[in-house]
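Before any questions on binding or motion, here is one chain by itself as structure tokens, the form predicted alone.
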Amino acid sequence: MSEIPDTAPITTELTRLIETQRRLAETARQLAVTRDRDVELATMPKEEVHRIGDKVLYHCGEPGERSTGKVPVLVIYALVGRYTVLDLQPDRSFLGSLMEGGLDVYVVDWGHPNRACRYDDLGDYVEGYLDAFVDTVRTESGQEAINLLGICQGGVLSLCYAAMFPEKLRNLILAVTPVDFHADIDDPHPGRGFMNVWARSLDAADIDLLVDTYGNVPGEIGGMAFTLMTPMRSLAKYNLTLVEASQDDAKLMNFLRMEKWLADRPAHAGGAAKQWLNDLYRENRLVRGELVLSGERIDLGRVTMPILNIYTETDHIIPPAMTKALRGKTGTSDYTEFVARGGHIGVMVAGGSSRRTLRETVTSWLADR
């Protein structure tokens, strides 16, 4: 009597194939009915209070509404990414979370540099644009000194500003901010610090040639560099990750909003790009006290206001050692570190308990001061 073949493996594979086809069909259906208006970013009410060219200072809240008696905080994001990631969606809005904590929030939109911006260097951003925006917040809030919160590259701008204009700041908060651009050499970690290695592998002349050829470094070049930091994750993003996200409406919107933000990456103004790559990534001049902006050496010893330094242990773009290097380098005795949950961007777009914890850390630290 012949044995009956075991059809269970075939049945299992057919079931998996059918489920895969179902999930792909659902992905196609969801994308077919999704429109750009469904994936809006930075929807929190805000009002323009100062503009310099395409660079805009916003006050967060209903237009015409001023938060008297609340603590003013000016938030500065990177030049190579739009501030809109700080207000990705209502339940993942870093700016909204600060407002929920009772703070009077202002934020800078650095815009999209054009050909006229190619010679803008870090000194122009710090001593020119940022100083003008700080003065506006001081006037609007009626405060002689305000609180500055800098994130990533915006943290470097904020730290330099604090060294140049310490009398205008009450407190300084930094998040995932690089300070020692060579700290990864002594504290190597697989999968982190690829931007550091890439920049150090280039000659200064190579960087100058790149910038001089384009004028401003296109956002696509920066975007490609960040993509290559996590190549396998990037390859899987538009198939495995997208299919998984599309099975849930909320997850799909999260995915598409982040993709929309990534696609809106601005160019890096030529002068600032040269300093960022040569003076900081290659030559590490900030932590060595050798960085010069607008003819003035940036002396971190002049940063005497209280500092809250936020970092994450899982940051693959700015390894934590680069951020923690600030300890002992400034002139303040009031220095606090806080380890946040999430990755480099995840810190700012976290929801749930991580969002509440970060907000409470910032607001309670400010309240104590």
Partner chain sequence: MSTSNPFQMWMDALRNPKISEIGEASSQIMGAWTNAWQAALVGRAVPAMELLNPATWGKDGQKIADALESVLGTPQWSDFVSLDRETLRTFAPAVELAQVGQAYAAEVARVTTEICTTFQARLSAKGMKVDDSGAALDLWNDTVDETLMAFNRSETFADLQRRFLRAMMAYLLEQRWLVGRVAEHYHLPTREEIDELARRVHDLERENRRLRRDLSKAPSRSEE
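Here the structure is a predicted model, which means the values were calculated and not measured. Positions refer to the first chain, counted from 1.
Another form exists, predicted together with its partner chain; not displayed. Remarks below refer to it.
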Heavy atom of Arg356 within 4.5 Å of its partner chain in the model of the complex: no
Partner proximity in the model of the complex: Asp120 to its partner chain, non-hydrogen atom cutoff 4.5 Å: yes
Interface membership of Glu127, its partner chain in the model of the complex, 4.5 Å heavy atom rule: yes
Touches its partner chain in the model of the complex: Gly215 (any heavy atom, 4.5 Å): yes
Of Ala250, Val292, Ala263, Leu209, the one that lies within 4.5 Å of its partner chain in the model of the complex (heavy atoms): Leu209
Listed range touching its partner chain, judged in the model of the complex by heavy atoms within 4.5 Å, from 255-263, 150-158, 85-93, 109-117: 109-117
Sequence-ordered list of residues in 176-205 near its partner chain in the model of the complex, where near means a heavy atom within 4.5 Å: His189, Pro190, Gly191, Arg192, Gly193, Phe194, Val197, Trp198, Ser201, Leu202, Asp203
